[in-house]
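Next up is one chain by itself, shown in structure tokens, the form predicted alone.
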Amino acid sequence: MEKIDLDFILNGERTTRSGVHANMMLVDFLREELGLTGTKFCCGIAVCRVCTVSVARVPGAHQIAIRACTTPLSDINGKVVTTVEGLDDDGELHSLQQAFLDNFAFQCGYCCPGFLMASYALLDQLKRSPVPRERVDDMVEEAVGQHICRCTGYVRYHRAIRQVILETPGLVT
């Protein structure tokens, strides 16, 4: 197995490891090596989207939602990764986290980190390219419509995401 020296930014902090397996999946590295268990593992084939994290090519670049269960460490080397643990701001919940709580958007909570991270990437996209108000529901559906929630909390997740988009200045035109 090929080994690499891993160097990337994780939740705002530089993370380095020598001699890691290049093909180790990001979700396994986060959970097993770093103890960051917020990113969940479920299907293992990128269908359910429970393991979604946000990745940017370099600091300040576009955030993209990716599935950590099928992303090898070699793909994130040199990049910026944000997990659900990185959403808070000095102990204050991110507006998405607060909206999820306010809207009772989750039941068991297992899929919640994936919904949060896909929504986080969506907010970044809308900051860079706002959409007309009438397109908000389409954008939410595009961002999280394929996420699987076994407790069927979809309506509440969508409501919470929509609320944050509409309440955040500059995301809609």
Partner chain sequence: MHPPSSWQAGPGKARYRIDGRTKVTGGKIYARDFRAWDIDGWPAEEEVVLVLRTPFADREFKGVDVSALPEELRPKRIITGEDLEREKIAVAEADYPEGNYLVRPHTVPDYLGQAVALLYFDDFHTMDRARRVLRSQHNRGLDAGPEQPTVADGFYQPETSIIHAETETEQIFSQVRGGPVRPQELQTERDREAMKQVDEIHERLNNPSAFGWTVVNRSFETQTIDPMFMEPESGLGWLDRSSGTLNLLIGTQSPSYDVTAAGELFSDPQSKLGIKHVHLISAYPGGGFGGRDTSALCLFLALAAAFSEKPIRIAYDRFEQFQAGVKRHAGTMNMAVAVDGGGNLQAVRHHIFLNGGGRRNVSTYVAQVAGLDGVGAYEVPLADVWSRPVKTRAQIAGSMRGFGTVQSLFAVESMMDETAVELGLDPIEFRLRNVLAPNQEIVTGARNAPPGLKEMCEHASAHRLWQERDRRKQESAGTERAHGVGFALGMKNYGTGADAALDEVAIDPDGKITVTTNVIDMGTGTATTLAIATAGLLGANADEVRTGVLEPFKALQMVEGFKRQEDNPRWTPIIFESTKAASTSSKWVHGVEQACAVLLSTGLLPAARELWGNSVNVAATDTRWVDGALHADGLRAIPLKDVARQAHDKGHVVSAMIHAFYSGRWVEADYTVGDETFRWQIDGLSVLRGGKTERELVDRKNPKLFTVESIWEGNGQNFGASACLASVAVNRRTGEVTLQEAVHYIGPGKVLQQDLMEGQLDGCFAMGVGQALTEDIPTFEDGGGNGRWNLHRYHVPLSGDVALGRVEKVILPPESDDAPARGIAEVGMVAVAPAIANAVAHATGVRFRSLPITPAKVREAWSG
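Numbering follows the first chain given and starts at 1. Here the structure is a predicted model, which is why all the values come from computation and not from measurement.
Missing here is the form predicted in complex with the partner chain; even so, the following discussion is about that form.
Colleague: Please determine whether each residue of Lys40, Val84 and Phe100 possesses a non-hydrogen atom within 4.5 angstroms of the partner chain in the model of the complex.
Modeller: Every residue of the spot touches the partner chain in the model of the complex.
Colleague: With the partner left out of view, is Glu141 within 4.5 angstroms of the partner chain in the model of the complex by any non-hydrogen atom?
Modeller: Taking the distances in the model of the complex, the answer for Glu141 is yes, it comes within 4.5 Å of the partner chain.
Colleague: Would you check, heavy atoms only and a 4.5 Å threshold, whether Leu116 touches the partner chain in the model of the complex?
Modeller: Contact with the partner chain, yes.
Colleague: Even though the partner chain is not shown here, does Val58 get within 4.5 Å of it in the model of the complex, heavy atoms only?
Modeller: Heavy-atom contact with the partner chain at 4.5 Å: absent for Val58.
Colleague: Contact with the partner chain in the model of the complex for Thr71, defined as at least one heavy atom pair within 4.5 Å: yes or no?
Modeller: Looking in the model of the complex, residue contacts with the partner chain do not include Thr71, since no heavy atom lies within 4.5 Å.
Colleague: Scan 27-66 and write down, in order along the chain, each residue with a heavy atom lying within 4.5 Å of the partner chain in the model of the complex.
Modeller: Counting only heavy atoms within 4.5 Å of the partner chain in the model of the complex, the contacting residues of 27-66 are Asp28, Arg31, Glu32, Glu33, Gly35, Thr37, Gly38, Lys40, Phe41, Cys42, Cys43, Ile45, Val47, Cys48, Val50.
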